[in-house]
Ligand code: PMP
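Before any questions on how it binds or moves, here is one chain, the form predicted alone, in structure tokens.
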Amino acid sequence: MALLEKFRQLAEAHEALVRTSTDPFRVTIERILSPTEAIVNGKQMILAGTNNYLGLTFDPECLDAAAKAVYEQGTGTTGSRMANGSFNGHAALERELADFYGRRWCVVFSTGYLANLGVISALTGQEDVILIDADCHASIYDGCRMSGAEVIRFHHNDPGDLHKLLRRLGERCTNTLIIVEGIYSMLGDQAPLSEFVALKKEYGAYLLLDEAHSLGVLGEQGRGLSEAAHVESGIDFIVGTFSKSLGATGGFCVSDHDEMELTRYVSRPYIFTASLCPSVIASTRAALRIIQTRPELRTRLWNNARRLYDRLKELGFKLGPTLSPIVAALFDRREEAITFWNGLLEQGVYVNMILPPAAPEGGSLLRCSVSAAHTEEQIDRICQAFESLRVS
């Protein structure tokens, strides 16, 4: 097969999609009006698919911090953390994240994706085993591939299946890393974390928790599912991102294991990637302070999520299994999801369309992510758009 021949089937699938739909890969946000509204493809839209859970992308504290950093430190670092890209702000953010989680160590990466690549590939190698929840994010799968470790999937959110695998591994459990997520990005469901922690302790394995979608969302202080489930001491490594509740770009890992600090010297995504811009570091530090001092944002977020989830459920939509700021409407047929997504665009509502094979269990879904910045009127308009298309 010629080098580019493999793209023919992809091109045909793409052409078939755009014959009947707006091209989802070419949806352009032309102008941001607020955390919840924008001009998209020439039309004013309610943004209901941004992961901007606390609405901090336009918070004055974050904007002021970012602007100040640009004028004082420039637009970028122009180098990796190992070369010339470690500024005072990077070290300060690492200390503040470690303090936030009550951990000794923190390493900051340039994206959340790179955090998973860098941490997983540094922690594990060819002699090790990784047990991964089947519904984990692509960055986790890619980090597993990069590690060279033996990778075994267990059924999504199934402690019984994980138990069987650990029992079979026997003595190899001490060389085993279990990876789960706090809130899963497709359906918004949560890991049964207490049971996973109990199994990890029973067999002497290690546990990595990705809190990308649960940081700022769960827990009294906003530390995520581990805080909400009261099992923080049982988690060896917590990975997270700045691109959801913190309203920026970047990623991190916190841990109490002293060896975590040494991952800087072996993690290729850390060593060879340019470090975060000073403005991003500054706005993230401001957002982290807001998470700790403005709990009313979480209250508003969950009120909005409940309003959307309950109303769509009343309308007869098949939704994810639990209430969450991620509200996913499931469709059996790909064509139905595409038609519905286009209808929402026409109604001025932007959501995420997830088609096979990315969607769980071979189905399709339209994924809404609720924000604390949404007004009740905006939530109601989203519901009305869904209702009008359901009737038609």
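On a predicted model such as this, the values are computed, not experimentally measured, just so you know. A residue's number is simply how far along the shown sequence it sits, counting from 1.
One more form of this protein, predicted in complex with the named molecule, exists but is not displayed; see below.
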{"property": "Contact test in the predicted bound form: Ser283 vs the named molecule, heavy atoms, 4.5 Å", "result": "no"}
{"property": "Gly250, heavy atom within 4.5 angstroms of the named molecule in the predicted bound form", "result": "yes"}
{"property": "Ser275: touches the named molecule in the predicted bound form, heavy atom cutoff 4.5 angstroms", "result": "no"}
{"property": "Gly112: touches the named molecule in the predicted bound form, heavy atom cutoff 4.5 angstroms", "result": "yes"}
{"property": "Position in contact with the named molecule when the complex is considered in the predicted bound form, options Thr176, Gln190, Ser185, Ser267, heavy atoms within 4.5 Å", "result": "Ser185"}
{"property": "The named molecule: the contacting residue among Thr77, Ser243, Asn304, Thr124 in the predicted bound form [heavy atom, 4.5 Å]", "result": "Ser243"}
{"property": "Interface segment, criterion being heavy atoms within 4.5 Å of the named molecule in the predicted bound form, picked from 221-229, 258-266, 207-215, 93-101", "result": "207-215"}
{"property": "Partner contacts in the predicted bound form for 121-145 (non-hydrogen atom within 4.5 angstroms of the named molecule)", "result": "His137, Ser139"}
